[in-house]
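Given next, in structure tokens, is a single chain: the form predicted on its own.
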């Protein structure tokens, strides 16, 4: 089947289901709640929805520990609710992509239960190693979430590898039977009508033979032996040739610690195995490697990430654009300003929405939700956050350790969606499964709908504008003022049509600087976040988008 690359004209909305909308009053977000809000989602101008995992799961990692790949969790409404949402989305002209999590499963998956008992053919579905004895582990690799990457299983009498939580054992993708299972999963959902997959840490699925010790990296020991492992492209080509090529679908790779050059190995339009990539460099403007290694925000780092991916993928591959998802704190609290919440939220939207690529908007981003700051660390739900608080920086005061969680925790992106100023932010009529951010009376969809100058309406205007202007889809990209620590300026150009985007990352007024060759007297100001922009100054977090027609 021909791949039409329909995703190049799309804007996606990411739903983290347990916190989006509760439709049955049990306190947990579900697909009945999503169905209620399909018209709202479509009103943003988006063309598709990415669902974080909806599968049955014990919930140790909020659904990324899957116990059944071919079903929908009953708490989300089961398969009946999913089919209703899938049909409802398609009727509204929206695509649906699912999360595919095949680096690991839950330890409650039937495959693992049989593997630990050495029941064929599941014995080698996972990565097992004998006990080396003398208190040693099979190697010195670190887990990304909880200490070391090995846990001893009493029933089997061996250690299993888990690159994430203890209850997330890694699959042995070198086993052809495991790869057959992955192909069955892909085909099952594509045959149902799903339009593609976001593939979780897919660059981790092939491990270096022999699983050697890592004596080079001081943190994340082992990552150089499993990120971009020896057979990863071979296995992805297999999935593509045997399943994906037979459907007009889209695949999106999640790839930690990847450069644009390395990305081309995966997403080159000539030789790649996937369509787009979620890179992490744009999320490292205030941290090193991980949100938990926090640093001061650097606009130069952010701009370098943006521009590097724009330039190096040009004509070779297609960018995925984002500033928020379920794995990172809220972007206004990181790169913008809570004091100038709406103004900086609009500026950040313009900063990425007019780049070349396919944008993703995360639930709550469009109304400017901000970081959550609980006073009690026990209120955190995320397995990574809880481990970080309990096991790192133990010489610091509890207050200082808690502030680190405020800066870094993924749970800030996972508090319930704020629909109204009513009880529980209109998320549920029951008791919410998780804490609601206390600012919901001010920040919510209902209030934003009533305010013509809201961030929500700005997102609608910006998305409509990028779709209306061919230069956004086709144009070249050029950055100006690259060394500035306060302004981000970039231009797009295509067949005589031009776009200039100005973004101030300053809480103070800064001089207006227009690059040479751009005559504002011949341009139309098509989008701005201040009603009265002047000819000399950019106000705090001001953004302007100028357009020159052909």
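Numbering follows the first chain given and starts at 1. For clarity, every value in this text was computed on a predicted model and none was experimentally measured.
Omitted from view is the form predicted together with a small molecule, to which the following refers.
Heavy atoms within 4.5 Å of the small molecule in the predicted complex are found in exactly one of 263 to 271, 319 to 327, 474 to 482, 76 to 84, that being 319 to 327. With the partner omitted here, the residue from 195, 275, 254, 107 that has a non-hydrogen atom within 4.5 angstroms of the small molecule in the predicted complex is 254. The contact with the small molecule in the predicted complex, taken as any heavy atom within 4.5 Å, belongs to 200 out of 200, 291, 170, 411. Residue contact check for residue 47: none of its heavy atoms lie within 4.5 Å of the small molecule in the predicted complex.
Remark: residue 64 counts among the residues lining the small molecule in the predicted complex, judged by a heavy atom distance of 4.5 Å or less.
Taking the partner from the other structure, the small molecule in the predicted complex has no heavy atom within 4.5 Å of any heavy atom of residue 186. The shortest heavy atom separation between residue 101 and the small molecule in the predicted complex is within 4.5 Å.
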